[in-house]
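Just the one chain here, laid out as structure tokens, in the form predicted alone.
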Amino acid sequence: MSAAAAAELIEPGHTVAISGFASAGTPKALIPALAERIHRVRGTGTNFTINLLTGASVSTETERLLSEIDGVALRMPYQSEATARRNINSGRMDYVDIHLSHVAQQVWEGYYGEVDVAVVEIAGITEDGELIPSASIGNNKTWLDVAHKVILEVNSWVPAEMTGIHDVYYETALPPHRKPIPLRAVSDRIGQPTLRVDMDKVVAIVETNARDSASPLTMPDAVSQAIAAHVLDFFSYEVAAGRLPAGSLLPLQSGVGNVANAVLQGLDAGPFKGLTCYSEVIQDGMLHLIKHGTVEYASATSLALSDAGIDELVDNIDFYRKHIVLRPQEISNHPELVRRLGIIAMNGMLEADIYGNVNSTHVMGTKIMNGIGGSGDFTRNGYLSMFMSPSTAKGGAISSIVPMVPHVDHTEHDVQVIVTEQGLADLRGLSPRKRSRVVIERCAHPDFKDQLLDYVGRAEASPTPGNTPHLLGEALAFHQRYLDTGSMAVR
């Protein structure tokens, strides 16, 4: 049926779970039709909102269309669009920010009520009635299992050659019935290439032919390249110390963004070959590494590519299918697998404090930017955990290294390495007092070093310094410059 007809099947108050992870695989036709339906019903004086569940971020258009009309009452688990962010921070939209590895279990356990409708983009339907996924899997397996009704968008733009790139594992269970997940190497395939659905639940099929929204990236600048250089030097140091295998290192995880992409591109010029990656998303930099033989195999749940990256993948899909596998996010982010494989976790941050606590999500401790995403899954359970950021923001007016972060997403117990363009701070084995000096000396911008050193010196000399010396009033006042210069820019 048409997208408009299918949208009529979604009612006010419904909990709607849609496909999509980092834009890839987001429904293309149903969401605009649903936004139009909500707007039309609102015109009759009837309130119309839905609860929206996704894999992670979805296309900017999807977030904007539903947020501009205040069509979302509750959003979970991640967003990355300005209108949605404004609604959340103003209290007009409830937002539940959780680790991505927790989503499937929490939905199965009913934390968000029943899922009324799942809207899932697929590439096709087999003769046996199974579904060929598109450019992401995310939580689609869970949505198809738990939803009362299913609307399928069959996108003929997705190359037929994409068939076989997916690995959907169905032997998951809730406690106390869980079994070990039999994945021991990044390239292992433990499931099937298709998704299952109870055809009695499918209430509509909508045909589309539309490419994914691109995830734009800028070319690495001098700051990003400096951060990448510090990371590569650190890897060489760890190899020399016998803590990382020579040549292939350990599987890499990389967050989304320009800094992370720059680090990946920097690997191409390094001495490491035959690398593997076990992450959430594959960005343009990963395709480049695969094409040049630096990366042998990459596992993810989504393809977060620019327009050029999408074209590169589509034009060479037969080649990339031999080096890439896409899995459900409950597998791509699973703590058991992250720990077993010994992942090197590399993620971005808004700011870090001098003791190693990291704020990834909240400006001034209250205003959400995007969400924690999967960074916590990899940070807590990885073999190495690294956070990267420019040392300043707002044209140098704000330090990304602060006395005390106003919101903690990753505690000092989980953060092992902090990197800015100024340098790299290895915090392993250091007490809080020693960590503070290393973070300031290695990572803070010169314009802020004296202020930070003065702070920690006076905190240590206070009558009751404790194990983690702080001057609490001054630590919070340090963030006043946020208010003086406006909101921190997203990096």
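All residue numbers are counted from 1 along the displayed sequence. Predicted model only: the values in this text are computed from it and were never measured.
What follows is about the form predicted in complex with another copy of the chain, which we do not show.
Contact annotation: of the candidates 233, 130, 221, 94, the single residue with a non-hydrogen atom within 4.5 angstroms of another copy of the chain in the predicted bound form is 94. Contact with another copy of the chain in the predicted bound form, defined as a heavy atom within 4.5 Å, holds for exactly one of 321, 291, 243, 148, namely 243. Judged by heavy atoms within 4.5 Å of another copy of the chain in the predicted bound form, the contact stretch among the candidates 33 to 41, 55 to 63, 436 to 444, 461 to 469 is 461 to 469.
Mapping the unseen interface onto this chain, residue 106 counts among the residues with a heavy atom inside 4.5 Å of another copy of the chain in the predicted bound form.
Remark: residue 121 does not count among the residues lining another copy of the chain in the predicted bound form, judged by a heavy atom distance of 4.5 Å or less.
Residue contact with another copy of the chain in the predicted bound form: residue 167 places no heavy atom within 4.5 Å of it. The shortest heavy atom separation between residue 412 and another copy of the chain in the predicted bound form is within 4.5 Å. Although another copy of the chain is not shown here, in the predicted bound form the stretch 384 to 409 places heavy atoms of 384, 404, 406, 407, 408, 409 within 4.5 Å of it, in sequence order.
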